[in-house]
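Only one chain is included here, represented as structure tokens and corresponding to the form predicted on its own.
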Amino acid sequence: MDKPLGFRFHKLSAVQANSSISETCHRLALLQKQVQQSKEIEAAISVAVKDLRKAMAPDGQPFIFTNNIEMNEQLVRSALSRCDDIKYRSFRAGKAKALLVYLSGLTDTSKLEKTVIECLTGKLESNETFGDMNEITDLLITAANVTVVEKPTEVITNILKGNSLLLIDGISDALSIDAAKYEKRQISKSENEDVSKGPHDAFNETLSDNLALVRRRTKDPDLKVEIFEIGSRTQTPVALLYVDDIVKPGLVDEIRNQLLSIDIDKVIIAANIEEFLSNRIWNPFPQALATERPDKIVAGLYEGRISIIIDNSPSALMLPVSLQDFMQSVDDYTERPAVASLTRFSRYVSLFIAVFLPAIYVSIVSYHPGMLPAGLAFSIAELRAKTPFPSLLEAFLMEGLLEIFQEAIVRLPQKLAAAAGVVGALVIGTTVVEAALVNALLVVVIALTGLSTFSMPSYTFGMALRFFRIPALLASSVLGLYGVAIFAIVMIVFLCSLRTYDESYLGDLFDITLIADWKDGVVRLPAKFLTSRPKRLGPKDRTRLGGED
């Protein structure tokens, strides 16, 4: 009797002495080719079967569910192939076989165990059967939100949202169970719109939390919330909020139609929606107010505005808006009216400085030095005599340094931002003067311009002001103060022509028919005088406090 061979490795020539190495390699190559051909045939058969199932399914559906749970499992696995984070849990539900399909990380498995698995395994006899899914949902499943789903596309979408899928052998319907669990950031303090008084809670990236923050501030049943899914691939939930008995007639329909007409594959941030709501795509001024503060959203809703909250984005949009809305802060309503009015007026002065101060400096130094007192003119001339560049080039150099400094501060981590501030102060404030690249007065002008930009309550609005400083400088270098005046007129005309949902971007600043709105414009009157909502927004109910103006 031959001894059994052990697991040893031998040379090929020792085992097959009469076979050549080349012939063996040739046979191995043929075998690999046959294996590859079999894989291609298998893939072709899978595609043919999938096409056949799709042809049998209704229009727009990838397949159709059957009464056989093994077949349904194969269909789901095929639709979610190479998705290793999809989990499949088989168990017995009475006499029938059951299958749970869920997305790992987005599904609360403990909730599934208590509301589904324990209910189906602990309350049923081993020989018990079911008639349909409605019987299961009515008598057995204890989850709060369950839905019988017939369309496979809805089933796949619900799984990817974090809901679980329940399939029962012998039943062709599928059951979607709401068991979603998201890892989310807790509600915290606003990072970009902090206030000295007032509430400090801010939106996070979860739509349900953000809607709860709004609902918490008002118990009004006329506050309506409509939720759509935008993005053919991401299917991002987007909520449209408005107060039904206040908002201007037709405004909700117009914005709703705009949202539904957005044809895009992904919606990741609020800016993806905002660009589709702007009527001028090259306009540098924002046409929707982005805010992290729920109190600001509620205040806008009760003025007759509409809010849009996007899932996965900590910023909500409010529209229609005008220039005045970007100049207001929550602190304006927590301070005394006189102090708030002075602060708000100073912001408009800062707006003028942020755009025109460098241009005024260049025009006076280059074209109109006679406008200055003799002592100041001689002092500026002495400072400029030490620098080799013309005033326009000096201004552009400092503007470039300021822009780089601002971007560095914004992009750096907080631990390094302070160090970057010290370096920027040395470069902009000291080194360029000592190196005789620019004069000290221009450094003061640019620093004041930057501070004026930072004083804007809205960062995106401040960015637009930074954009207009460059053409203002060019106009001043060509025509001096006349160029600055012409550019200011052109800018005002442009803002007057800019409209968001029939509202002028300048609001009521130059409209005498809207004099009632001036009480909460450049200045803020006491609350007892703010008896009506802004007329320019066209609300159905203008009465806010007391009688109509």
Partner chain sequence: MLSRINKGNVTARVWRIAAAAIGICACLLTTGCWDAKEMQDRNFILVAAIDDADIVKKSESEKQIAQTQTFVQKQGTKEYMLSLQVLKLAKTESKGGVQAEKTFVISNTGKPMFEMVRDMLGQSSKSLYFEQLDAIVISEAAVKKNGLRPIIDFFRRDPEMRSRTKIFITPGEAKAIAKYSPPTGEPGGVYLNGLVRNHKKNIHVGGARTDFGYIIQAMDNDADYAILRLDYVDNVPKLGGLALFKHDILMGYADEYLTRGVKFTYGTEKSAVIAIKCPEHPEQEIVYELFQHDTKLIPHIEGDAIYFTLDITMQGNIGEIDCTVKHDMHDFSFLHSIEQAVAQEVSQNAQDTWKFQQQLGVDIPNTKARFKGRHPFEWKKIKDRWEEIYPTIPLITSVNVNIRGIGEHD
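These numbers were taken from a predicted model, which means no experiment stands behind them. Residue numbers count along the first chain shown, from 1.
Below, we turn to the form predicted in complex with its partner chain, even though it does not appear here.
Its partner chain is not shown here, and in the predicted bound form it never comes within 4.5 Å of any heavy atom of residue 138.
Its partner chain is not shown here, and in the predicted bound form it never comes within 4.5 Å of any heavy atom of residue 244. A residue is said to contact a partner when one of its heavy atoms sits within 4.5 Å of a partner heavy atom; residue 151 fails this definition for its partner chain in the predicted bound form, lying far away. Mapping the unseen interface onto this chain, residue 89 falls outside it, with no heavy atom inside 4.5 Å of its partner chain in the predicted bound form.
Only one of the listed residues (406, 366, 109, 341) places a non-hydrogen atom within 4.5 angstroms of its partner chain in the predicted bound form, and that residue is 366.
Listed residues 268, 385, 349, 260 were compared with its partner chain in the predicted bound form; 385 is the one with a heavy atom within 4.5 Å.
Shown alone, this chain has one stretch from 101-109, 387-395, 166-174, 449-457 that lies within 4.5 Å of its partner chain in the predicted bound form by heavy atoms: 387-395.
With respect to its partner chain in the predicted bound form, the three residues 378, 381 and 477 uniformly fall within 4.5 angstroms at the level of their nearest heavy atom.
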